[in-house]
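Before any questions on how it binds or moves, here is one chain, the form predicted alone, in structure tokens.
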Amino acid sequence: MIRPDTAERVLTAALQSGGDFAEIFLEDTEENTVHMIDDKVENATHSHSHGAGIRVLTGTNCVYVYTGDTGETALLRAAAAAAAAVKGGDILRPQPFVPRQYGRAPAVPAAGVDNPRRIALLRAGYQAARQASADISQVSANIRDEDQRILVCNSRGVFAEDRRTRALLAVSAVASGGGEVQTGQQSFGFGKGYEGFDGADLAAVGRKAADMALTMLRAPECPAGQFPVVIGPGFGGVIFHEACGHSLEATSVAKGNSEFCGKLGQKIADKRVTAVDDGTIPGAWGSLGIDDEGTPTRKNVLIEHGVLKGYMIDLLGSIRMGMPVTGSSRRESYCYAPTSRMTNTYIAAGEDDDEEMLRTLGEGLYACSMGGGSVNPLTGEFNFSVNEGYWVRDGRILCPVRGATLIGKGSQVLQRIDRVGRGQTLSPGMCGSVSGSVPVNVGQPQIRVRELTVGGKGEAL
């Protein structure tokens, strides 16, 4: 993507005003999307993004300049613009590069897949959802693939390349009846080429989306109050991701904007809870060979048996916190400066029985699938919708309920977890933050929280 001698000249130009550190991030990304509604292809797009970002640090001050032109003249011009905004000390020279190569070509690259094949995959999920019931009034399906090549080179000798390939299929079904409308969604994604679809049951993706919509269409409104809650696997992990994970990123911690600041080595969760962010899982949606600063990704144990063991730290966070980087730096594209972000984040499997969790629940909510919500990283306070929920009484599922929300505080939820199941599921999604939107996995086994505020409009069941 760029020769080492060119990179050296650009970094030298970026340091000409006395910066402490300079970095070049080059990206070449091709993306395809096909969107289908009611068995008709609504649109099919192909995009090609190519460019570079140049970053200069002086202490904790950051200057970032990006350009869509990666020729040497344009890169030198961008480097000079970044340097002009820096007031530093001694002028440093870039260290000799140590080239490293990560990632590999997929077995079935997206470039070798035509739209008829993409549409055939979509129809497998679409038709299963459409045929589920006459009450399914609309089905939409999307497929997206991405092939990203990056190069990170910096003044500390990093010259690292990575190739990231991903694909995701998602189905959304709408159920209508009795003047009511409910939606169900399900997705399947991975961090590899189209070989990831081989043997996949895409019809099950469509059926799950339809079943969720149909179940919620016929469900009464959820009661409100303080109840024990069982949270299902997979997308249930969005609660940890949002309510706790963001509060463990240096983006928040380094500035003192996290409820977990200064708590390393302290017990912050029940002893059953071990939480991990792991960017190295082969073929996972959120995995990377290197982060977007050129640091190899790794398995970061954040919480171990209830004790806070670490944070997710990028370079700028490392400078502010006086702690080493953890391979957690990410950005949406070359148009963004990087910051600390999650990859594949999950609560590790425990030793409790899923059936026993419900059997001993008493009266409360089984939140099978979570939706969107909001969280304040400083306080950990959150509010999340439940896409698919069931009311439990005397240890048995009484009926489905709709309109449920979970309201609480991240640190309290961690302390109130009293069961962690043996299984584990990861579910793909996108996470937005100050460095844009990036692919992440969320996951967990089935867990139980002994008390949580449940919001809803229904009467007692």
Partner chain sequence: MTFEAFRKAAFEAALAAGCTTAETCFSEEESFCAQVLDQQLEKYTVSLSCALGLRVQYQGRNGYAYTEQLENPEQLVARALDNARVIENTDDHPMMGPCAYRPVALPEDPCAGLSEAEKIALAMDLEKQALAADPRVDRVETALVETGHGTLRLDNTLGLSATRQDRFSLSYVCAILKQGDQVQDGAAFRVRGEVKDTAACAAEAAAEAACRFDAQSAAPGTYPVVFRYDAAADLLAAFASVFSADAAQKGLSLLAGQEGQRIASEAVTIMDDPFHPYAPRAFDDEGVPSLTKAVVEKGVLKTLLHNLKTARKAGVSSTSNASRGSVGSPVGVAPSNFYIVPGEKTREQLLADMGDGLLITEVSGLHAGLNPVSGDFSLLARGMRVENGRCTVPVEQITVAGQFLQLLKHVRAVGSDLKFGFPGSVNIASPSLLVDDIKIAGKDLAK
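Keep in mind that this is a model prediction, so the values were computed, not measured. Positions refer to the first chain, counted from 1.
The following text describes the form predicted together with its partner chain, which does not appear among the structures shown.
- The contact residue chosen from Gly403, Gly421, Gly429, Gly436 relative to its partner chain in the predicted complex is Gly403, the criterion being a non-hydrogen atom within 4.5 angstroms.
- Of the stretches 436-444, 449-457, 18-26, 5-13, only 449-457 has residues with a heavy atom within 4.5 Å of its partner chain in the predicted complex.
- Contact between Phe382 and its partner chain in the predicted complex is found at the 4.5 Å heavy atom cutoff.
- By the criterion of a heavy atom within 4.5 Å, Thr360 is excluded from the residues contacting its partner chain in the predicted complex.
- The closest non-hydrogen atom of Gly373 lies within 4.5 Å of its partner chain in the predicted complex.
- Residue contact with its partner chain in the predicted complex: Ile417 places no heavy atom within 4.5 Å of it.
- Along 244-276, residues Lys255, Gly256, Asn257 each place a heavy atom within 4.5 Å of its partner chain in the predicted complex.
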